[in-house]
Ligand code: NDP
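In the block that follows, a single chain appears as structure tokens, in the form predicted alone.
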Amino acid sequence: MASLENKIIVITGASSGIGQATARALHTAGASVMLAARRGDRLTELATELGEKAASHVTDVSNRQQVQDLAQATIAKFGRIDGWVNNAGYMPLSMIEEGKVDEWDKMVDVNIKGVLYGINAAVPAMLKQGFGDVVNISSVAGHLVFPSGAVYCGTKFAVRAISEGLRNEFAGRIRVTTISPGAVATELANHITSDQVLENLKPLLDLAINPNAIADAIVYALSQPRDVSINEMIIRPTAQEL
């Protein structure tokens, strides 16, 4: 595998869960990391823990200008962008008949537009230098649809479609990896406002694996030689049926 020493990687949703675990794993592998999320206090704490090869920038991925600012801050700090991990996500599962339209809107804004804004911010810098990596976090919900997941699944199917389109258009220049986690111990379930849905989901949440498993997969994908591209991985708890 290639070394990640001196690689510059941007990670959204880095204040907790998969993003936080990925930041630590990439840093351990030698990369410099730009941490992005809305919660500045958590970012500062993590950046301080990781030291001089880490920086942070408060970012709401649903805000296009803030994502552009994140890219510019990364280039100003580290000189370039070698990889971009679109990890920030929002998962307020609910039944369609509950009509939680505001939650639907936010899922589209974070899970789809946030990924597109990240791609738009990162790709010009990557094309200028002739290489780069984009890692998009989808979900097993991007492979199947289940009750209460119609909108969330729709956003995660979209992530996979966008990733494949990006791979097609920039083959040979930008590598694209889609990671589809199953149940992982993160804060995503905290977004659910439907008591019944949360109760129904509890057996699955009890199976949740450590986010380090996803972080390790991201490090693996980014560590491949440039002529090797890991396009897609599904990572579930062994006991998960969904």
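Residue indices: 1-based, along the sequence shown. Here the structure is a predicted model, which means the values were calculated and not measured.
Unshown form predicted together with the ligand; subsequent notes refer to it.
Stretch 174 to 182 is the answer when you ask which of 174 to 182, 44 to 52, 26 to 34, 192 to 200 has residues with heavy atoms within 4.5 Å of the ligand in the model of the complex. Heavy atoms of residue 138 reach within 4.5 Å of the ligand in the model of the complex, making it an interface residue. Contact check for residue 188: a heavy atom falls within 4.5 Å of the ligand in the model of the complex.
Residue 152 belongs to the set of residues with a heavy atom inside 4.5 Å of the ligand in the model of the complex.
Contact annotation for residue 10: none of its heavy atoms lies within 4.5 Å of the ligand in the model of the complex.
For the options 88, 93, 81, 134, the residue carrying a heavy atom within 4.5 angstroms of the ligand in the model of the complex is 88.
Residues 13, 14, 15, 16, 17, 18, 19 are the members of 2 to 19 with a non-hydrogen atom no more than 4.5 angstroms from the ligand in the model of the complex.
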